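There is one chain below, alone, in structure tokens, taken in the form predicted on its own.
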Amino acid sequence: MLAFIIRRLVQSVVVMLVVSLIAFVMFRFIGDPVDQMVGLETTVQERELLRQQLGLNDPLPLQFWHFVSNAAQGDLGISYQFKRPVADLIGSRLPATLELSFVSALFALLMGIPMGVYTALNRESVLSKLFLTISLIGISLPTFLIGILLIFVFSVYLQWLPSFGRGKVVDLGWWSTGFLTVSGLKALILPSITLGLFQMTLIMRLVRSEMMEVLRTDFIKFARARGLTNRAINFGHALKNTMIPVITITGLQMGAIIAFAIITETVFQWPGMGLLFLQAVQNVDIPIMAAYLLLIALLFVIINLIVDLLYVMVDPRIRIEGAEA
């Protein structure tokens, strides 16, 4: 088990180094950082002094080393647009994105898995057909259209929920949360459904197809022949053997929720990292773009590591195969 974790950690470090190289190339060769930081009235001598202070005259390998070492210490540079440390900007926006992603993921899991199990066990029922219709809508419609439709129905027409913003938040140290206020909880509902609907339908269809396949296997027929109850067969045997591919897709989708929350945050003007990244793209703010790339890569690496560990917990055969390898 320890060797398995060490091997995954080494692979994660290699991935982060490759992503850091991509971010460094983007940071170094997409425009001149000095041109973004100074005005037209800046003299040549002042520009050269700034280049020297930023280390832009150093050899490229040394620049890359400084970039990686600074990023490892949380120093992600200065924003061209806001003239503030990028780490502070991301730190102020990170709670909003993580809370939205957490609620969206929770919504996708708590709705997708039961719906998938039900549609697999009750294929001809009216409710199963309704769930499949909802999943088809969730997969077919683009995220921004779902968000606009929800705003029109629940914010404009019914006036039940807010259409933008995060509501009132409570500061707990450096973390700001909307979980502790009524307006914050209301503000979470529409964007979390918008962001989690596609993942919910994907999980539901995956659970349904995998469970239907498992229910047709020989060991399930043997379990029925032994006289086990339907509850024991469906949830003690079939569902457990369904979870490996579900864990894989769910883990990847959790990272995708965070990475691709940009559209949802834009539609609902949610003050998170996605909206900050979009503003950075519009203003060619390379430090924010590079930092966002590194952070998303780190989140994917952490999620994949957790998924690998869950594999070992769910299926002991993976542990045995890893020990033999």
Partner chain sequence: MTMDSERLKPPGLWARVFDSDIWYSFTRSKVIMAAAIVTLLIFLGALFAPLIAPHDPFDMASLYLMDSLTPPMWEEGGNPVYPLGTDDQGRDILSAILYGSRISLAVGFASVAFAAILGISLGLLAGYMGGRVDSIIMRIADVQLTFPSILIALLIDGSVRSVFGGIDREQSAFYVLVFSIGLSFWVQYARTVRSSTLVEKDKEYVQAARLIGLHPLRIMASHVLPNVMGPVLVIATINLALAIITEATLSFLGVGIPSTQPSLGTLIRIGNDFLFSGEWWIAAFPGAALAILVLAVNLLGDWLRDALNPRLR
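Residue numbers count along the first chain shown, from 1. Nothing here was measured: the structure is a model prediction, and the numbers come from that model.
Although it is not shown, the form predicted in complex with the partner chain is what the next lines describe.
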Contact of residue 216 with the partner chain in the predicted bound form (heavy atom, 4.5 Å):
yes
Within a 4.5 Å heavy atom cut-off, is residue 267 in contact with the partner chain in the predicted bound form?
yes
Could you tell me if residue 174 has a non-hydrogen atom within 4.5 Å of the partner chain in the predicted bound form?
no
Can any non-hydrogen atom of residue 278 be found within 4.5 angstroms of the partner chain in the predicted bound form?
yes
Spot the stretch among 87 to 95, 112 to 120, 147 to 155, 69 to 77 with residues whose non-hydrogen atoms come within 4.5 Å of the partner chain in the predicted bound form.
147 to 155
The partner chain in the predicted bound form - contacting residues of 288 to 305, heavy atom within 4.5 Å:
289, 292, 293, 296, 297, 300, 304
